[in-house]
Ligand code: ADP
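Read the single chain below, which is given as structure tokens and is the form predicted alone.
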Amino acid sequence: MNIGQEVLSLLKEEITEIEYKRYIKQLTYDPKKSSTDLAVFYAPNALVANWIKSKYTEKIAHLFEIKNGSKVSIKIALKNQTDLEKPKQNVEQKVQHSLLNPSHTFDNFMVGGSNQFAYAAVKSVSEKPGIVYNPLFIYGGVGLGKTHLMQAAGNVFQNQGKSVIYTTVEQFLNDFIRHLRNKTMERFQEKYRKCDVLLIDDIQFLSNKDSIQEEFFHTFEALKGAGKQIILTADKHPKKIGGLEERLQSRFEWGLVADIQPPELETKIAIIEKKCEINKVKLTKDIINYIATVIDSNVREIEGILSKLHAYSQLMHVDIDLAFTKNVLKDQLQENRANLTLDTITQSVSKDLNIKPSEIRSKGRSKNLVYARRIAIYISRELTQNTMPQLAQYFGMKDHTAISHTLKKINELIEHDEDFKVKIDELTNKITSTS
């Protein structure tokens, strides 16, 4: 077994079996093209290559360092790609330090109401580093685009010839421990305090780590004092990160704190369309709409879904249609309808449409109430075993004929209004995935 295979075997132990089989298992190591500071792997297609580049290259590089004690750059190429010449030393050194994903740019970041403020803030910082919003602190849930935005700015800086370091708190901590153990802390400090731009992901993992907080505080002070740009991401606002020193918390708020919210349906659709364009995957509008409704808030899933569809299509030699998509992604829905109740459905609909559950079950006839009640009745009929008389009793309607009339109206809307159909699908999948 060559070192490339050994590293992939080590990686298998650190990730899920599904991710290993879907992506890592498809990699092929090329010992002839590789060297002491460059490891070359081949991927079967661009989707798998891009996914691995964005998620695994840093971890693979770290495992190589554990195995042979020296840093290597990871090259993920397509099987038919011939441009594998070793990069020049000065460029290679930057890649080792920054580990930026070149596909993360401002151009391919989809802007919507949920992320517009954060996008504008990062874009502004990329134009005037160290001058406006320093530090810039971006927070939000998993898979909403924090890393993409941060690295988009990093790619701009790097293209300008600036020294950029992108890392996670975990890698920063590992680096710190290794240099501390080897008594080479001056090299650690030289690396992190002399760069032009420092980008650090998942800053919440500094929590309750006193020694690393102390080191990070001095790194922060050195960079800020020299007018160097700092961009940080976390899953929550600095004030809500427990176990964080007060002096660090206050410094994280010195510049600008921007949040990213889960994307609205229109933005999810736009993201999928853009990813299809980038990865040259052809999907019809109904398939794109379906995928948008399956995904709850973690848009990072999109790359994996497209990769999965593409792989299944290629291996099974079939075209991608809606039925095929639903079958391939059935495990993505995490359906658990057995535990669904009318109360659960009504509460979900009321929360989504900003109407009280009691109002949906009332006899109110305003346009908004009728709209919400119809949706709740339709989804309840689809997802539960309740009869029409039972639904009539629950929703305060006269009898089963009133329910039948409501269902007829909803089906007419679904048939003639594509946006309404997508809204129903999104709500249905949201309810089944959280039940």
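Quick caveat, the model's predicted, so the values are computed rather than measured. The first residue of the shown sequence is 1; numbering continues from there.
Below, we turn to the form predicted in complex with this ligand, even though it does not appear here.
- By the 4.5 Å heavy atom rule, the three marked residues H104, N115 and K146 all count as contacting this ligand in the predicted complex.
- Listed stretches are 188-196, 105-113, 240-248, 125-133; the contact stretch with this ligand in the predicted complex is 105-113, by a heavy atom cutoff of 4.5 Å.
- Screening K209, K162, R300, K351 for any heavy atom within 4.5 Å of this ligand in the predicted complex leaves a single hit, R300.
- Between the options I74, L173, L100, I271, the residue in contact with this ligand in the predicted complex by a heavy atom within 4.5 angstroms is I271.
- Using a 4.5 angstroms limit between non-hydrogen atoms, K275 touches this ligand in the predicted complex.
- In the predicted complex, this ligand sits within 4.5 Å of a heavy atom belonging to G141.
- In the predicted complex, not one residue of 365-402 has a heavy atom within 4.5 Å of this ligand.
- Distance between the C-alpha atoms of F216 and E14: shorter in the predicted complex than here (change of 3 Å or more).
- With a change of no less than 3 Å, the CA-CA distance between E14 and F205 is smaller in the predicted complex than in the form shown.
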